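The chain below stands alone and is given as structure tokens, in the form predicted alone.
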Amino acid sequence: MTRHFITIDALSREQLVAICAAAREVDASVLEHDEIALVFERPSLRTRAAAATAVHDLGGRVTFFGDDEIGLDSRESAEDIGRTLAQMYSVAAMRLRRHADFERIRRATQDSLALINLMSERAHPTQALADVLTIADYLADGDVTGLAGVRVAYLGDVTNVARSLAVALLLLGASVSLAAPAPYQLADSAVEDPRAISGELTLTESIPEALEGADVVYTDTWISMGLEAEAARRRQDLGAFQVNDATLALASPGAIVMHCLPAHRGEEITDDVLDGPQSVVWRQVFHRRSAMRGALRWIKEEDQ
């Protein structure tokens, strides 16, 4: 049966650990003679670079398709795009506006085309993999199974990134606090919902409560793609949740600071924290490539 990497909550703990282990290894024979399609409805820097370099690491070749070329449901239906790609590619790694389109493509291709979610409005699983690998580097000697008991605080708008990261951390035994004003807190969803994972999850509007004992302080942009019209209101509503020297002082001494980037400096995070000694954002960027390798290697193992 074809494997897909669409959400973290579709994985068992054992599968997540196996993918993380695969992420740290380079084997140029894994994708030998394989063609991988990269489909991006939304712009990207890190995700596109990570996907392309990871495919090359594993011996494969990539073709990039932008929104203007694909025209999902405008130029051509999601189903027909999937059917076309399945005739020429073994894997399609996709950044889509609508998470539900992954299921449409999966059904249309009858699981003949392996799918990797490079971000949807509901989930960002490759980012979560990169983040887990980064936290393990700094707090568990590189071993994700050593993350049990690590305390992670996320401040600000609870985005797709926060969802996937929380699911991954809870599967690995870490505790997660999501601090946000009520309108920006974790919303009900059938997809990538950390409340469906057993573990220590705290939803709060209190910054001190979230940060008490935190080993990791994480934030994301307040103004995600497609929400630009809400920028002024979001800056006002979320201003108190900025990661700065004062908020960082509420966490454990030496807590690492994380951001999935791009950052709006001076909004969700200040320059002195983002560029400071506790920031590990560039290690996160490094592991975006690792994470993509892990997803690809795990998918291809099913063919062996």
Ligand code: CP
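The numbering used is simple: start at 1 and walk along the sequence shown. If you're wondering where the values come from, they're calculated on a predicted model, not measured in any experiment.
FYI, the form predicted in complex with the ligand isn't displayed, but the following is about it.
- Shown here without its partner, the chain carries L139, G173 and I256, none of which come within 4.5 Å of the ligand in the predicted complex through any heavy atom.
- From the list 42-50, 268-276, 55-63, 242-250, the contact stretch for the ligand in the predicted complex under a 4.5 Å heavy atom rule is 42-50.
- Under a 4.5 angstroms non-hydrogen atom cutoff, the ligand in the predicted complex has M225 among its neighbouring residues.
- In the predicted complex, the ligand lies within 4.5 Å of some heavy atom of C260.
- In the predicted complex, none of the heavy atoms of R151 sits within 4.5 Å of a heavy atom of the ligand.
- Using a 4.5 Å cutoff between non-hydrogen atoms, T134 does not count as a contact of the ligand in the predicted complex.
- Of the listed positions (R234, H99, R95, R106), a single one reaches within 4.5 angstroms of the ligand by any non-hydrogen atom in the predicted complex, namely R95.
- With contact defined as any non-hydrogen atom lying within 4.5 angstroms of the ligand in the predicted complex, the contacting residues in 124-153 are H124, Q127, given in sequence order.
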